[in-house]
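Take a look at this single chain, the form predicted alone, given in structure tokens.
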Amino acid sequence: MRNFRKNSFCLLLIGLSQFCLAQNIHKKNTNPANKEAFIQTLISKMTLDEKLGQLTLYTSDMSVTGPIMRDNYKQDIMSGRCGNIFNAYTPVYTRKLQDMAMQSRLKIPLLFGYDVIHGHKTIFPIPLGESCAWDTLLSEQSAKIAATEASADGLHWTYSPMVDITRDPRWGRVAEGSGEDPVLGSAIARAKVKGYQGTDLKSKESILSCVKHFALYGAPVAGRDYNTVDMSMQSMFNVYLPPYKAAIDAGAASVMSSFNEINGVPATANKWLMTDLLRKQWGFKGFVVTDYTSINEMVNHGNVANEYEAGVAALNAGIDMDMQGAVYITYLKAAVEKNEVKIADIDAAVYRILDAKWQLGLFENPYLYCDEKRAKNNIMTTEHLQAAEQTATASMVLLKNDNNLLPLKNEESIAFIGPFVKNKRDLIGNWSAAGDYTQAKSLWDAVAAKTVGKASISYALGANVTDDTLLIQKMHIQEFIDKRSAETLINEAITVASKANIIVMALGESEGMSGEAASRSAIGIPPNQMNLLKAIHALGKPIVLLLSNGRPLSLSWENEHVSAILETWFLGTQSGPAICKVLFGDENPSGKLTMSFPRSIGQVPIYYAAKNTGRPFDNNQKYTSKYLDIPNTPLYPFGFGLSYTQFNYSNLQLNQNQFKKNDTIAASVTITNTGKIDGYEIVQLYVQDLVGSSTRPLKELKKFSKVFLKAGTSKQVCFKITMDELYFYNANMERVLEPGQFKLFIGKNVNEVLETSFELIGN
């Protein structure tokens, strides 16, 4: 008994000693002026294992009963060998994990990260869809709401925004980005960072943003995910890097490295990219995390022989945090002993991570984000759902509308056919993470509520999303597959459609057909759905095609044979009500494409900001740059989108026609709503530099403006362009502004424009 009391007393003393140590470390952290001293003091007290623990990020797992943590990870947290966890959320669960961290010697709080890509619980349109709203205020609002919900659910950090420019729709992750243009992509990147982080990271409703994937991940060879990237430095700096830079300049707290290589060196070991460019040239002060196990995967790349070498290369390149690979915690201690990694570089990485935790207020209160009351009151609120519906409405793009078939009238007989009419699972799209598809509102439910006592509506499935057995297995959608034969489903649809005046067909991709590891070599509507569409088309009735998809599709047959086409993407929790409002004219579609839609997969990659050649297209000359079988042009160009009204452009003017280096170009145009319906128009301004020391694109977006016009009214839209926006990187990688002739275009898309010209004189 005496020994038991003695041991208990010793344990009590040890516990009090650890408590006092932690209190001594944390006690002065409330004053921002003390940050530097606080963090440096904390680092000085850390063992090398504890430092490497701060550079380590592990995942939480999920079981049928909820989130779970592996036993060995629990031990790592309590021993200070793991300072960060991802895929862990809910305030109850994160509190349990934070309790483990508070048992560690120094009681350094955990940082919790998660893929909050387009909403947390309230799911907004996929980013590619949202970008088609061309509305940075909506982009900022959706990020702010996502941050509010994620922070209420125990999270500190999101792996968003994805700002990769991409021009190849075969790549599945086009769904996560903002399309093919660097100016629009940069504007959305800034808005997203601002929405997630707000003005003060210590606000409980702010979370850290993580710009990804740095860099060039959106340009994989052949459009195949994880593939190599090979491009010129000019393309890199003129096209692909600007959105990353915009996000960094907006204050993004963290950056994620990309899987691909750059100039033959994987991004995760690329010192030029992570240190010389990101930190020294761009002045980035936050921390860099790898993508999932990308340090380990450098062995496959072939630039290192083993994981030890991979860890050394990554740390020395400027990578601060190892996601899930356990390379740093396993190998860097030995690397320090061999003088292959400097302890000063480890300390610098630790500092950046502790600084992020400081900025979030976690040293003041490790449980700041573990508030069950907030989770109950701040998630999926009426306000959030209304914002999601507003964004979904603005994201749709009307691609075709012959004879004004849309909007539908509420007294017609309408057949709704296709796998996306009653579907909820696919509505929230890929990377919906914590989203619950059962909470999504389907098109059928919204239409049934809208038409009750009015229009006669009917339904048939018509086809599964796909009949490809292997694809069904890969996407784990067996439970959503109707077991009846394709012929039976089509015949049922024909019977239903034959009794209706108008047929609305909801077709497209499953959410699993786009996103990570979801590249496609054929980017059309799946064959079984096309068989359905052609069978219904044979009835000779007007068809409205509603598209659900995560990438541009090749739609040449559809465009030729279908009366109306509405691109709806994956619109999120409020998909059904938003689509219903546009279908029946309660809302006027205003979205415009941010990626070109090809006529054929053979045109890919296709994008508007192409360059001329020595033999430009000439249909009358054989030996010019063209295809034998189809036009060079896309089916639907960048910036394209119709409305239920018509907009006329006139009176394009510049304040002068000659400009010097420090001048500002003022351009104006008059927009008139000549139709009978109020609506939004997205006005786009492009520039062409006619002669450059390095060849320049045929058009480059420089400005855009979303304006609202009542029917029959006009508005003058004005743009200001500074000379800074006309600079480019030349063949010597110098950022230059060259005198000469320019064309300026303003219009409703990249092809339908008014044109004028100006001259830049002097230097």
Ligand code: BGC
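What you see is a predicted model; the values in this text were computed from it and never measured. Sequential numbering from 1, following the sequence displayed.
From this point on, the text means the form predicted together with the named molecule, which you will not see here.
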Looking in the predicted complex, is the named molecule within 4.5 angstroms of a heavy atom from every one of 173, 292 and 323?
yes
Any non-hydrogen atom of residue 331 within 4.5 angstroms of the named molecule in the predicted complex:
no
Could you confirm whether residue 355 comes within 4.5 Å of the named molecule in the predicted complex, counting heavy atoms only?
no
Does the named molecule get within 4.5 angstroms of any non-hydrogen atom of residue 256 in the predicted complex?
yes
Consider residue 213 of the chain shown here, and say whether it contacts the named molecule in the predicted complex, taking contact as heavy atoms within 4.5 Å.
yes
Interface stretch in the predicted complex with the named molecule - options 119-127, 205-213, 359-367, 687-695, non-hydrogen atom within 4.5 Å
205-213
Contact residue in the predicted complex, from 516, 586, 345, 482 (heavy atom within 4.5 Å of the named molecule)
516
Sort through 159, 416, 196, 608 and report the residue having a heavy atom within 4.5 Å of the named molecule in the predicted complex.
159
Can you list, in sequence order, the residues from 416-448 that come within 4.5 Å of the named molecule in the predicted complex, counting heavy atoms only?
431
